[in-house]
Ligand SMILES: Nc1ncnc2c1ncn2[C@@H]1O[C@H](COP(=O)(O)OP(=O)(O)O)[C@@H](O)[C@H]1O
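In structure tokens, the next block holds one chain alone, the form predicted on its own.
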Amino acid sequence: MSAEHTAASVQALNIFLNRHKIGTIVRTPGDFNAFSFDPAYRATGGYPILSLSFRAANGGLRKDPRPIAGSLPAFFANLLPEDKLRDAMEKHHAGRVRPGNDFDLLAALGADLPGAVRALPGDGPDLAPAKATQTAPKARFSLAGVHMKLSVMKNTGKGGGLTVPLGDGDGDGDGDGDGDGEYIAKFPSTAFPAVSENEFANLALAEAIGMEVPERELITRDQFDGIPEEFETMTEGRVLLLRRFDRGPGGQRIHIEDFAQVFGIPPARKYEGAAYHDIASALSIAISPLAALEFVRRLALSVIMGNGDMHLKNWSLIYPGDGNAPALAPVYDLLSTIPYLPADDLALSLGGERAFKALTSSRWKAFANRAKLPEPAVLKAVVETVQAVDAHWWDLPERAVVPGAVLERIDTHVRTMTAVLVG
């Protein structure tokens, strides 16, 4: 994006899923943002799927959403970073992106968004490259969430290491993401000691009990090269490196959407826009009751381990292959929040309750009824998950990386919740 073609000067963004043009977002006077589907895409009935939130109950696509003042439609707003990560990205693009302006930020980062979505100014994905300017190349990735994390790529050749991709995120404009990061690096936090080790161990446990999780490793900061200063953090500690499940071989982009997007809920309402039974019900309808029961197992794991941050954006669908049908994405953002927030409770309501110790069988029965799932199958999934955790957690090799003080608080919660859930 050249100096003459800043994000703030863009008035329209064409939306693509890989090479498929889906529609256009237009910025109108008064800072309204209007999204409309491309007629050719509407003629397909809405395939490949952009979001279940845009699909009508009787098939096909809903009417174009109404223009929104000052922000993007919820699906697109949920593609953008939040809080500290957003602040850092806006600072990184200072002079090109106005603080707090969703459209500006989407225009700046639209070449490398979560999943297979791209938001590009101009007439399509075959835009001529922007003219070179004296401005240094910028990081143009977007990752949803609030914590400091970067989309990174592994350097090939002598020295190796990890670096942040700079530029437009797609060197030849073919949509295959050849300039994208294939990994997410999650940095340590001063507020939450050993959070990387905590999540690393929780992911290892999930894998040990048969859940699909991203590939991961703990690394040190000296393995990174050329991180822009806006994203630098002085916090000591190890970095959690995760392979992105929305990127395939050769940088292939695989579409995903989180449940804030599925339900059409803006990021600010990710803790209140729906309950856990709403997610289970949507999975049962969109995929199968078996997918909903896998969600129950993951939810039970979060309860046992004391994860109070599994809000709507921490559960996702993935659209493999031709992108015409969703599947449950791998589980992610698994960590125990209890060591840092002893009074923490669930991010969303489960059977009308959020307090961990109140999640007895009656709450799970209420959850099952609201999700229209059979009570016996839900209760069995919960108990089997408790038994699987008990069989693997205490001897899990990855426990060794978690500091004793953090581990002790996790263990205490696990013992407490085991009694509550099987009582």
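Just so you know, these numbers come straight off a predicted model, no measurement behind them. Quick note: we count residues from 1 along the sequence shown, nothing fancier.
The form predicted in complex with the named molecule is left out here; the points below concern that form.
A.B. asks: Identify which of N314, T337, S71, S151 has a heavy atom within 4.5 Å of the named molecule in the predicted bound form; exactly one of them does.
C.D. replies: Looking at the other structure, the residue within range turns out to be N314.
A.B. asks: From the list F245, F231, F224, F263, which entry has a heavy atom within 4.5 Å of the named molecule in the predicted bound form?
C.D. replies: Exactly one listed residue reaches within 4.5 Å, namely F245.
A.B. asks: Answer yes or no: in the predicted bound form, does the named molecule come within 4.5 Å of a heavy atom in every one of H147, P214 and D333?
C.D. replies: Looking in the predicted bound form, the three residues H147, P214 and D333 all sit within 4.5 Å of the named molecule (heavy atoms).
A.B. asks: Within a 4.5 Å heavy atom cut-off, is A194 in contact with the named molecule in the predicted bound form?
C.D. replies: No.
A.B. asks: Is R298 close to the named molecule in the predicted bound form, meaning a heavy atom pair under 4.5 Å apart or at it?
C.D. replies: Flag for R298 set to no.
A.B. asks: Spell out, yes or no, whether the shortest heavy atom distance between K186 and the named molecule in the predicted bound form is within 4.5 Å.
C.D. replies: Because a heavy atom of K186 falls inside 4.5 Å of the named molecule in the predicted bound form, the answer is yes.
A.B. asks: Check whether L143 has any heavy atom within 4.5 Å of a heavy atom of the named molecule in the predicted bound form, and answer yes or no.
C.D. replies: L143 belongs to the contact set for the named molecule.
A.B. asks: So which of 237-245, 337-345, 94-102, 289-297 is the stretch with heavy atoms within 4.5 Å of the named molecule in the predicted bound form?
C.D. replies: Heavy-atom contact with the partner occurs in 237-245.
A.B. asks: From first to last in sequence, which residues of 361-400 have any non-hydrogen atom within 4.5 angstroms of the named molecule in the predicted bound form?
C.D. replies: Residues within 4.5 Å: none.
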